[in-house]
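Take a look at this one chain, the form predicted on its own, written out in structure tokens.
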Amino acid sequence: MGGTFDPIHYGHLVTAEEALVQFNLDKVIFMPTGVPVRKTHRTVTPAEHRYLMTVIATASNPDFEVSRLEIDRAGLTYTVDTMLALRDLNGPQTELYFITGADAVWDILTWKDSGRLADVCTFIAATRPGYDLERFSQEDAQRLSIEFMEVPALAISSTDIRLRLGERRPVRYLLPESVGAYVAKNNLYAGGL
């Protein structure tokens, strides 16, 4: 499961658990991005903070792991490079899935080497309230090997959490208390975005 995780929240955790069960996965590896290519429009919290928040949030689930693969890689972070590295680490017989939100699915065609990426993994696209899956053609879904997965209605986003923290509004019950404590201790998101 790739993402900026800035910060990680219950929507991410519920999506990972749902994918684990629906697709009978052995485990879910959370992969915080190192230098995210598509987040140049805003300042991203340093990778080490995002990694540690993800470790804290997933620590109680034995089926979840957190990888430093993208964080420790120099330069920009591309999903195709990560998935090829995971294929090398786990062998060609390993079936790989990339879990993402339905909002990101619309951009897959613009990702670096999207055709090659489709040969390496199957995408699991988690739907959130308000996303129209009809926008994505059946042909594109098959060509890119995308499986859609409905997740219990959790309209939680990292963007909203950052805004709320910047405005000193409550975020309790949107993210794990331990992540909230980490955010407070390290004075993250005091300025919102």
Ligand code: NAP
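As the structure is a computational prediction, the values presented were derived from the model and not from experiment. Sequential numbering from 1, following the sequence displayed.
Note that the form predicted in complex with the ligand isn't included here; everything after this is about it.
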Using heavy atoms only and a 4.5 Å cut-off, determine which of Asp88, Asp103, Glu95, Asp119 is in contact with the ligand in the predicted complex. Asp103
With a 4.5 Å heavy atom cut-off, would you call Val37 a contact of the ligand in the predicted complex? yes
Do Ala126 and the ligand come within 4.5 Å of each other in the predicted complex, heavy atoms counted? yes
Tell me, yes or no, whether Thr45 is in contact with the ligand in the predicted complex, where a contact means a heavy atom of each within 4.5 Å. no
Heavy atoms within 4.5 Å of the ligand in the predicted complex: does Ser157 have any? yes
Sequence-ordered residues of 1-30 touching the ligand in the predicted complex, heavy atom within 4.5 Å: Met1, Gly2, Gly3, Thr4, Phe5, His9, His12, Thr15
